[in-house]
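Only one chain comes next, encoded as structure tokens, the form predicted alone.
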Amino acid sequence: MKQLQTALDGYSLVTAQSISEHARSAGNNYTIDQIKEGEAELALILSLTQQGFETNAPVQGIMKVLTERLQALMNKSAPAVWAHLASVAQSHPVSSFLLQDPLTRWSFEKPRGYSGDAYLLDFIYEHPTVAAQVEAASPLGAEVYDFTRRSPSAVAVRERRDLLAAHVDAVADANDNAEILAIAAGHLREAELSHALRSDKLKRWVALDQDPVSVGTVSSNFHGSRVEAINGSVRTILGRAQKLGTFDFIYAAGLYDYLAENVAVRLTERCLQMLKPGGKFLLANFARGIGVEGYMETFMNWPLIWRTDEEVEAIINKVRHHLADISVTRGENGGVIYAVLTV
């Protein structure tokens, strides 16, 4: 079945161009020699990887070396040079091996029309809804998937889901009839782990997403519960186009990775305005240096705005709203930065 195309555009304020502009702003000083040197190193990396697949070398070893070498190349390349190298990598014949992995293939092909969609996360979660596609993968694809699903970024995403459920449960324990808002909620898989939702301790849990397929999935999966699935975007929140009310806890866990700093600041301010006194807002951002950015931006075609703790703190420092408390931490594997802001 053909998936509904939901391209991220000016309506959402999340665009492929905004991510490219962020990369360019990091520095564009490069020479033709740097491009040639990068192309030569990339060609060697990909040739050795292809040779490994063709000679049936152990897949886990191939993938480990590939991701490490791509990461090293990305780390030393100027942003514009790396963007060029990423596009070169994507057209290399070695992709025919890597795209047998259902996770890599879904990310690269983007059937929903944008990066990081909810179904992609289901491959990372190893959710039952993707079991048939995983089962249908080739033996090689299954081995590559076994590597990508265990990568630091995938571990961080699963940990993020678990932490979100724990935050919701803690808010429900501290507040009677707690009201929760998830922005860019996807399939709201954290709700499947929430004790508060199962025990009917919440007043409502609003799941806001701009993808109508995700909204429909949440509406169907949580029909009759305290979950309310609503279609909306960053732009509708900033424009106050929807009367959502106020909340004890608001979170945006997979969104800031795509937001330019100025939009991130504005969204943070608006979310803080939507909190009840003592309420909390959580934002999460993939951490720079997780170690698999090179693979994600090449063969998964999944560019993100990777940030450091200091860059996340810079967003918070530009926010014009009183804050009673600020906490910036990382998950256990260090792959995601979490900022919890209390009003």
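Quantities reported herein were computed from a predicted structural model and do not represent experimental measurements. Start at 1 with the first residue shown and count on from there.
Omitted here: the form predicted together with a small molecule. The next part is about that form.
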Taking R160, D211 and G232 together, does each of them reach the small molecule in the predicted complex with some heavy atom inside 4.5 Å?
-> yes
Of 191-199, 119-127, 143-151, 216-224, the segment with heavy atoms within 4.5 Å of the small molecule in the predicted complex is residues 119-127
A89: heavy atom within 4.5 Å of the small molecule in the predicted complex?
-> no
Contact flag, Y114 vs the small molecule in the predicted complex, heavy atom cut 4.5 Å = yes
Report yes if any heavy atom of I180 sits within 4.5 Å of a heavy atom of the small molecule in the predicted complex; otherwise report no.
-> no
Find out whether any non-hydrogen atom of L98 is located within 4.5 angstroms of the small molecule in the predicted complex, and reply yes or no.
-> no
Which of these residues, V81, A253, I250, V168, gets a heavy atom within 4.5 Å of the small molecule in the predicted complex?
-> A253
Of C271, A172, L103, A184, which residue is found within 4.5 angstroms of the small molecule in the predicted complex when only non-hydrogen atoms are counted?
-> A184
